[in-house]
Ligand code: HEM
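Below you will find one chain, with nothing else, as structure tokens; this is the form predicted on its own, and questions on how it binds or moves follow later.
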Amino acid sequence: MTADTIPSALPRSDSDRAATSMRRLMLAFLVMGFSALLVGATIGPLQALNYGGIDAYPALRPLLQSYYQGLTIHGVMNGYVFTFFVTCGLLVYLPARELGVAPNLAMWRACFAVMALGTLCVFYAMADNSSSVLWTFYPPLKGSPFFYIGITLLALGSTMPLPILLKMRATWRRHRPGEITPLVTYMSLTTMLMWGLAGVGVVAELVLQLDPWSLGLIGTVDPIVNRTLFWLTGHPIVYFWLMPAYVSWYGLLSRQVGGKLISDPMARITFALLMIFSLPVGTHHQFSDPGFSSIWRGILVVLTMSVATPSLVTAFTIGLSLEYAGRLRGGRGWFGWFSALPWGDPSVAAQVLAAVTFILGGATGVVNGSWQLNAIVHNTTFIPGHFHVTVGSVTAMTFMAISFWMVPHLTGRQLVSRRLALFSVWTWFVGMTIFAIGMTWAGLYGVPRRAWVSALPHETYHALYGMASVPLALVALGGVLLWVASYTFFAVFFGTILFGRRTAPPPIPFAQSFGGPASSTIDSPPNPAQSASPLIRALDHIWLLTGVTALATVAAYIPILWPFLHHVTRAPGWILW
């Protein structure tokens, strides 16, 4: 399969037009997503400087009125808009190319339009300082109807790739009966099925409670029920951030480093386990909330720790695949294979460094998921320290890595500077590591998260947080480095689109596993060897996996929601800005 055509039953002219439309739409998803990151990353270091005792917000009025307005914009633009647009582009485009089947372009365009409209609504609500409710938008804090309607549109739009994927897979299976879903498509589909189930929580919260509440149709809401519905979605969203990065690690990276994927079944097991384990455990974010029993809190600890299993499988499988490639490249000894990897390729460097930072993300996640340890770090800077080395490193760096080959692939333009791309990757890695270490370390001193500490009088700030002066200085330093890294990256990203030299578009680096086919497109030769694997065949029953996940989620949430629904708290809205 070439970079410019989609093998299919379509006439060649129609196929070429479909390929061109796909490339343009994929580029639009990337530009929209990374433009949101540009906004969020511009504001992000202001939060870091805040913890270093530097209050930049008074100098930015009337553009930004407060720390909380800035923090809301930072969280929403990075956590929702950036990740949703890039993911909803990648998880349609890559499977379409892998299968050689054109997606439903009308549905894909509608996905973009719905999320773009949602982005405009939510950004308007944040920019006019009417909705500084942070990215979790917990009631009874109350924002503008534009905010909640915008989030509703973003949530609904982000599920629209699911029917597109299902239709492409059905088309492919009709032409290749009895064969197993190709790996990238399988991983993309399980991700979207997981997200389709997870989205029920926040959509129910918004449509049944927050949307009508903000419009004045109802006078009160129940904060604890809304928190529970939010975390039904809010924990799996971490995997909606993470799983697209895993798609690249499993489905592309081993080809990029010059090797093969060690195990196709391990990749499928990882995604099946992530789908099943990610949904039932969201209420571990509510360990400090009242209203549900200690027995269920203990069960949640066990369920939460189970999510570490697919991450450990990934560490083993990707690590071994990288080692195989490194040794093919001449690496010797225990660690020679690591230095032999193609570190001059910014796409490879970004993904490998993202995987390294995820070690810290996984370790801190174990602390957050432990009932007793969580009591120590709850609502401290330890928490954002943790998720900045998940979404801020694994997701952001992998998406950056993908853009380094995908923008040339989509536009036929070379990167304007590989050196600048590498500089942005390494600076991001160093800055995020310093930032996360500072945040988690400061959290152990009890420094609160989501606190405008720099607005305190100088003497009060040092009396309260002087003991954490070193980690808080690291937070500020890491934030400044991330600022430099992000603007360097955007110079490469937008510079390539606008000014890159014309070149032949590089192909998509789809990985090949040991024993796997070189191609899985609809018109490639049959692959009976793959269909003979019992494990892969069992995992291909995606609706069975979906049913198991749904049942496990219902079983986990009914005992928690039931007492809340029978002891309703009616709270009016609070507007504190």
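Quick note: we count residues from 1 along the sequence shown, nothing fancier. Computed from a prediction, not measured in an experiment: that's the story for all the values here.
Keep in mind that the form predicted together with this ligand is not shown, yet the notes after this line are about it.
- Remark: Gly495 does not count among the residues lining this ligand in the predicted complex, judged by a heavy atom distance of 4.5 Å or less.
- Taking non-hydrogen atoms only, Pro384 approaches this ligand to within 4.5 angstroms in the predicted complex.
- Within 4.5 Å of some heavy atom of this ligand in the predicted complex lies at least one heavy atom of Gly479.
- This ligand is not shown here, but in the predicted complex it comes within 4.5 Å of a heavy atom of Ala41.
- None of 289-297, 105-113, 319-327, 429-437 except one has non-hydrogen atoms within 4.5 angstroms of this ligand in the predicted complex; the exception is 429-437.
- Here is the short version: of Lys142, Arg449, Arg255, Arg176, the single residue with a heavy atom within 4.5 Å of this ligand in the predicted complex is Arg449.
- With the partner omitted from this view, the residue of His388, Arg97, Arg268, His235 that lies near this ligand in the predicted complex is His388 [heavy atom within 4.5 Å].
- With contact defined as any non-hydrogen atom lying within 4.5 angstroms of this ligand in the predicted complex, the contacting residues in 132-165 are Leu134, Trp135, given in sequence order.
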